[in-house]
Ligand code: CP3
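A lone chain, given as structure tokens: the form predicted on its own.
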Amino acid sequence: MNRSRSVLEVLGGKTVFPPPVWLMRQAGRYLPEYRATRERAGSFLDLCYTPELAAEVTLQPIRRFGFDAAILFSDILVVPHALGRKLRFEEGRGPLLEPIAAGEIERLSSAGFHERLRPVYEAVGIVRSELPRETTLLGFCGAPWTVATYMIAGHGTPDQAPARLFGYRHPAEMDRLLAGLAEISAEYLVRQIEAGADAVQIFDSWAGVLDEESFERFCVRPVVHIVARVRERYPMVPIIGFPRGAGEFYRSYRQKTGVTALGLDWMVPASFAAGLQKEGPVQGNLDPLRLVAGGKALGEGIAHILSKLGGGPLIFNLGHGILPETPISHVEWMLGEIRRTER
């Protein structure tokens, strides 16, 4: 079939079958070519900040698999890094930030922010120039809440208790931090669009740890600001919101934030997802472990999603990022299974 701009067609509300496909973290450690480029870069941050290498790893899964969208290779924590916070990545531990104290938040400065992230914008431009015309280029940022959880704790935690406690103990400072991150993140997305991104995604990986009131305050309110600011400049550029683990809160998230499409995690039941799809495009939501397992588990997962959501605007994706131990042959089989499917 003609795959011309199929991701953008779905984001515009059109049903395309078989649906377009891309995978979160599709440029990553499961690919030998990524590992070789990562070694060449010397460090993860050097990989993110070297435009030619970041563009190369962005393009690698497109060359190998022919996904319908490429997503910029970077990291959500380049935003606090560009705000002057110390950041390093350790093998086996992940990202480590200097924890921010309540009294430091008002001293955060965006001076020089875009100059520090100039390599990221350059990478977007390189990718767009080399990407097949029919392949959508996605920019992204971390949602303010998820970025704040790492800034406060200094590292990832199982339930982000340090950030939740910070929000309860220092509500004014938390609001100030989230508002500042929302403003600078919107500018960051605008610059990516100017550099060539066709659409953008906002990753809120830790949305699912919050109660109802905190979800509204920490997740919804900052994303409302981001969407509004991006739309002031680029009203027609689609925005995908991915509040992982939001559960019942998914119902009102799109309406309140104004995002174009909802990224769904693998815990969202198909019947619930079908209801969300009636309001607009959805993306997801295969369990990444089904892709690791392969065989019957993978086939059943694909068939279930296509049968329940294939009749509406759907971008086929995982319910979270692809895992490093994922066999390449399983990705190839999944793509073949999706694209050969007929109604």
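Not measured: the values here are computed from a predicted model. Throughout, we count residues from 1 along the sequence that is shown.
One more form of this protein, predicted in complex with the ligand, exists but is not displayed; see below.
Taking the partner from elsewhere, no residue among L210, R217 and Y253 has a non-hydrogen atom within 4.5 angstroms of the ligand in the predicted complex. Listed stretches are 291-299, 276-284, 304-312, 33-41; the contact stretch with the ligand in the predicted complex is 33-41, by a heavy atom cutoff of 4.5 Å. The single contact residue among A199, L77, A246, A195, judged by any heavy atom lying within 4.5 Å of the ligand in the predicted complex, is L77. Among the residues G103, G94, G112, P269, the one placing a heavy atom within 4.5 Å of the ligand in the predicted complex is G94. R29 belongs to the set of residues with a heavy atom inside 4.5 Å of the ligand in the predicted complex. In the predicted complex, the ligand sits within 4.5 Å of a heavy atom belonging to M24. Although the partner is absent here, Y234 lies well away from the ligand in the predicted complex, with no heavy atom inside 4.5 Å. Proximity of I239 to the ligand in the predicted complex falls outside the 4.5 Å heavy atom cutoff.
Annotation for 46-74: interface residues with the ligand in the predicted complex are I71, L72, F73, S74 [heavy atom within 4.5 Å].
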